[in-house]
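First, one chain by itself: the form predicted on its own, in structure tokens.
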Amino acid sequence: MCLAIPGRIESVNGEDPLERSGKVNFGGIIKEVNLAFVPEAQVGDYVIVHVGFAISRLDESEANKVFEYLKRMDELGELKEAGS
């Protein structure tokens, strides 16, 4: 099942908007994510990520709701396995 999940931007790399990327924290799991589709996103913002691309921004309270749902479903475990 493909699913877009929220993460918090920890760092941003690159000046070119098409090559902009960053480290995104998904509840303790940090992945490198392409930020080209969200040029306004900055460190500390929450973004929705699908297949390695941030596709939109969202507020912290909404991100926390999604994290809680994922914990209940144990979907974060699947993400950890994929990053191993």
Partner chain sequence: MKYLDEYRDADTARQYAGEIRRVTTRPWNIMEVCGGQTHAIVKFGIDELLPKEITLIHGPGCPVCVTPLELIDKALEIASRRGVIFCSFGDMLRVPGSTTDLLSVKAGGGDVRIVYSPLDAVKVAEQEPARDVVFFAVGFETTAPATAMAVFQAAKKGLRNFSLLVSHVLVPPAMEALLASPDCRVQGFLAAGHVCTVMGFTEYEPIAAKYRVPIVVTGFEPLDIFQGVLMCVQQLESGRATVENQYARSVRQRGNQPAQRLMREIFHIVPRKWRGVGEIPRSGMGLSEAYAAFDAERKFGLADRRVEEPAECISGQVLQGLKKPRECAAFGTRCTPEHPLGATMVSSEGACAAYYRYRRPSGGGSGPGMTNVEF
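Residue numbers count along the first chain shown, from 1. All of these numbers come straight from a predicted model, not from anything done at the bench. Definition used throughout: the rigid core is the maximal C-alpha set that superposes within 1.5 Å between two forms.
There is also a form predicted together with the partner chain; it is not shown, and the following applies to it.
Of the heavy atoms in residue 56, some are within 4.5 Å of the partner chain in the model of the complex.
The partner chain is not drawn, but in the model of the complex it has a heavy atom within 4.5 Å of residue 62.
Among residues of the shown chain, residue 73 is one whose heavy atoms approach the partner chain to within 4.5 Å in the model of the complex.
Not displayed here, the partner chain is approached by residue 19 to within 4.5 Å at the level of heavy atoms in the model of the complex. Annotation for 18-37: interface residues with the partner chain in the model of the complex are 18, 19, 26, 27, 31, 34, 36, 37 [heavy atom within 4.5 Å].
With the core held fixed between the shown form and the other one, residue 9 has its Cα displaced by under 2 Å. Core-aligned CA deviation for residue 64 between the shown form and the other one: 2 Å or greater.
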